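Below you will find one chain, with nothing else, as structure tokens; this is the form predicted on its own, and questions on how it binds or moves follow later.
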Amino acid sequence: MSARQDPIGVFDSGIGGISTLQSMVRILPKERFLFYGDVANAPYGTKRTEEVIFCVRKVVQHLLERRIKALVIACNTATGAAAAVLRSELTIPVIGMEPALKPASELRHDGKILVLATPLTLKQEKFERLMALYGRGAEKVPCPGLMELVEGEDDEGARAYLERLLLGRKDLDRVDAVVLGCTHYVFLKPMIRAMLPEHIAITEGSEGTARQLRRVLAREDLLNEDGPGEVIFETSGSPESLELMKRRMAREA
């Protein structure tokens, strides 16, 4: 079988990366995807960088044994912690994610940009470089515990968390954009949209990552043009977490 028919490995610490997977399936419907949710080691966002790299290496080794042709790190935290390391170690293309600060900066009208992300993402050198380029007016808003509420499908808990986080602010009229800097938060986008004034834009990186994957596959002559497309789910967690991933994928389709 040609390498073009090999699967694309995609991973996250849980279900958050499914928001990115959905965009990739939409843009590349003929590709085979193997999604791995490292639920047993979630969350990544409150771990030390060295711990995240250790977890990521174990996941990637598993995916390499499945003969993936490219790797997508569908997690902002894991990208910041491990993307450079993986690119130095692997021969296949590695596509990562970053908070969508650049598009948010293009929508700014002298107001603030709120960057919602995990504590580790906001501490990483990769994010500091992004802030140096596009962070004028940007404020880091760490959200410890929010990822876990999404993972547990606790919509009411997430709503209460976001109300405290956003509606308690007295400067929302001076905010131009909100960046969803964790793939899990994308599932909360309709909820966040309903809370915010209409003038505030919301940006996230799923579509941009999917388009970048397509560009890289085309450049490396790895695009699968013969379909029919497939998505396989695997996890380090329980059978219940596997069913949750499948259910979330179907719900977001």
Ligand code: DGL
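Just so it is clear, the model here is predicted, and its values are computed rather than measured. Position 1 is the first residue in the sequence shown; the rest follow in order.
Below, we turn to the form predicted in complex with the named molecule, even though it does not appear here.
- Stretch 178 to 186 is the answer when you ask which of 164 to 172, 178 to 186, 106 to 114, 130 to 138 has residues with heavy atoms within 4.5 Å of the named molecule in the model of the complex.
- Contact with the named molecule in the model of the complex holds for all three of P43, N76 and M147, each having a heavy atom within 4.5 Å.
- Contacts between 90 to 123 and the named molecule, taken as any heavy atom within 4.5 Å in the model of the complex, involve T118, T121.
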